[in-house]
Every structure is written in C-alpha cells, then in structure tokens.
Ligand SMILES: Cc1cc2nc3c(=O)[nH]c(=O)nc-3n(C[C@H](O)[C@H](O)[C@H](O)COP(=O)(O)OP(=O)(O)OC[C@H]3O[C@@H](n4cnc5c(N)ncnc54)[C@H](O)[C@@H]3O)c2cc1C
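First, one chain by itself: the form predicted alone, in structure tokens.
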C-alpha cells in the first residue's frame, strides 16, 4: 500500500488532519488506528446501560475556526453548561477555583489565604525569569492558598515536587483573581465564572464519542482503518509496518500517538533523539467509571480533592453533563487518580481505596448499588513539564523536521492542551503539508507528492 500521507492514530488530531487535508485537495491519505473505533482518549465506552468517557472530556471553544467546525459537526447534539465545580477539603465543600472561594473554610484558613494573597499584591516577591511552579504559586497566590490547595492538589496530580515543575504549561489553566474577588469570595459564597472552563459544551447524546464519530463521518470510505495498530516505522525508508495491512509506504508522516510511544516504534534514531526520549516524563491517569443506582447531586459537575487521605484527585458526575449517559434515576461517575508513567499499580487495591474514599467523602452510601464498573485508564494522561521537557521536545522535533515528519495533538505534540486546540493542530498540520502555512497563495489542490 502506498499513500501520500500516513496518519498514525484516529483521535481528534488525526481525524482533523485528514479532514482538512481532504478539504485542501489531498485524497491519498490513510489513518491507522489501533482500537476498533475512532476517538482515542476522546472516545466513549458503553457498559450496563451507561456511557462512560475517558474521564471528563468537555468542550471549551475559544477559537472562531474551532468553534465553527465543532458546532457544525455536532449541530443540535450539543448543550452549553455553566461550570458547577467544587473543592472538598477540611470537611467542607467550597466552590472552584479555590483562590477566589474560601468562604466556608475554618476562619483561620480563610484569614491565612486572604492575608497571603494580599501580601502578593502589596509586597510582591521577585521571581526568576523561568520560575518553578511552587515559587510561582507562592508569588502569585501567597503562602496560604499555595499550602491549602495549589501545592497538595498539583503534587497529587503531577506526582512530583512542584519545585521541579515549570510554569510553561499553566497559562490559561490557573487563573489569578483580583484582590477584590479574593476578598469577596472569603465573605460570600458565589459561583465565580472565570477561567478557561467557566462554561463548556457537551454532547446531548452519545458521550464525547459523538465528536470523533462526526469528524470521521466527513471522510471518504477507506481513509480510516481501525483495528490496525502500528508495529514499527522505518523513518529512513518511509514505510510503516501496520498489523493487518502489512507495509504501508508513505510520502509524509503525521504522528498523533504519544511521543514516547511513537519514538519507541520508530527507527533509526540518532543518539541525541534517543537521549531526549529518555528525558520525557508523564503520568498515567487511572480512571475508574462507576454507575450508581441513584441520581447525581444536581449542583455538582466535578469535585477536586487536594488532601492526601483521599486516593483520587477528582471525581466527576458525567451524567450531569448529559442525563443520557445513565439510565433514569442513576448516576455515571468518573474517579481519577494519577501515578507516574510506567509505575506498577495494583488496580484491585486502588479500586478498593477509591470506593472507600467515595464513602468517606459522602459520595457513596453503604446502601448504594454499583450498577456498572469499568476501568478506562489513560496511559499518557498528562505530560510532565519538568526542566528537561522543553529541550528534549525541541531536539526531537528538530530531527523530525529533517525527515518531513509532523507530530501533533496533545500527545504527539507532548503538551497540555484541550480538544479544540487538538482539532486546530490537525488543521494547521494540513496547511503546513500543503504549503499553505508558509505560502498562503499556494493552490489548495496541490498534492503532497509534488511537494516532496
């Protein structure tokens, strides 16, 4: 088999690249996907009458192009929600984000958090040009907010000391309130709608799987081959070994698999790239989905758990995104714990700890029946932004440029991003491959073989 563009992975990035290449006149393209269904981690699984996603997958639409495409894909199968997120600590629920909602915590904790924040306003700390996340958090939010939430929660999520984590990832993901918002949130309970996820969209029917299914529906028959895992890639000869297909020769390669996994399949690699591969770190999200035989609390979409004695860092009620994800009178719940990538995990032991933690948090009663239960771990859940990450990725991508290889999306690009950005990565990749990014005047019907 020979194609102009071979795309590894049928998640949102790969589907978007294939779709936009097709719109630019490139017909010879092939997506190979290991699973029996497109979507990757933006997919869903049905079990016992429930529909479960790979943790909470919510649509945050900020870009006009991304929004236009997604709204066109899902049309009336999309609902808009105002975020109802909470934090559980010191035995009480407070609204998210913590830094602007301390009302309800013990008075000493509230005073500590407010005083520490105001100190950052009136006596700001100097910061290094490239600070670590812990120093940045103390300088941005103060010692109290850092100690009570930012440090314990993020260490639980990233599974590493925050002094080793950079701030490259956080950007829009960690909003800073004003002094008046912090003071107001200490005195009055409010639903502070700020941050990149203050509102979100989610499919009415079919779970998040409906998005990749709709995107795949825009492709011609035969462009996507599911159940076809990549076994090896010869970067020099431009040929991939694909289970069920044999050798697939390509002119251009687009990788959307996690970067570490792709590099383990690819050869030959120079020593600099092998060393960079060894520097990549990530965590695995151990995601347990359960169905419970009573409705979810209507005021909650998800809850953060910063304290160490809870084994999970977040619990979400996906049936509050859409009631169609659970049978009537039931709740679909996802529970997330993180572990360093590659670490061994006793799943039975972790599951028992999660169920116990749900009971201790008051989310699961002794009388509740668990109607369905399924593990849906995300092997590469979050890319770890330590000091080695950016130099390693830059070295790898420099080598890819010499080969004409694109590596895109949250995992192929080895970054922290969300679904809209992943779809836009596919669009930008298609533009680069057809010369549009470098030369907008290039005709969109130009085929890739003529460009190589």
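This one's a predicted model, so the numbers in the text were calculated from it and none came from an experiment. Positions refer to the first chain, counted from 1.
One more form of this protein, predicted in complex with the named molecule, exists but is not displayed; see below.
Enquirer: Mark residue 52 yes when one of its heavy atoms lies within 4.5 Å of a heavy atom of the named molecule in the predicted complex, and no otherwise.
Expert: Heavy-atom contact with the named molecule at 4.5 Å: absent for residue 52.
Enquirer: Would residue 41 show up as a contact with the named molecule in the predicted complex if we use heavy atoms at 4.5 Å?
Expert: Looking in the predicted complex, residue contacts with the named molecule include residue 41, since a heavy atom lies within 4.5 Å.
Enquirer: Is the gap between residue 35 and the named molecule in the predicted complex 4.5 Å or less for some heavy atom pair?
Expert: Answer yes; at least one heavy atom of residue 35 falls within 4.5 Å of the named molecule in the predicted complex.
Enquirer: Give a yes or no for residue 17: in the predicted complex, does one of its heavy atoms lie within 4.5 Å of a heavy atom belonging to the named molecule?
Expert: Taking the distances in the predicted complex, the answer for residue 17 is no, it never comes within 4.5 Å of the named molecule.
Enquirer: Just one of 57-65, 399-407, 386-394, 44-52 has residues with a heavy atom within 4.5 Å of the named molecule in the predicted complex, so point it out.
Expert: Contact-bearing stretch, as computed: 57-65.
Enquirer: In the predicted complex, does every one of 230, 378 and 419 come within 4.5 Å of the named molecule, counting any heavy atom?
Expert: Yes, the whole candidate spot contacts the named molecule.
Enquirer: So which of 219, 265, 73, 279 reaches within 4.5 angstroms of the named molecule in the predicted complex, heavy atom to heavy atom?
Expert: In short, 265.
Enquirer: Which residue, 257, 150, 240, 331, is the contact with the named molecule in the predicted complex, using a 4.5 Å heavy atom cutoff?
Expert: For this set of options, the contacting one is 257.
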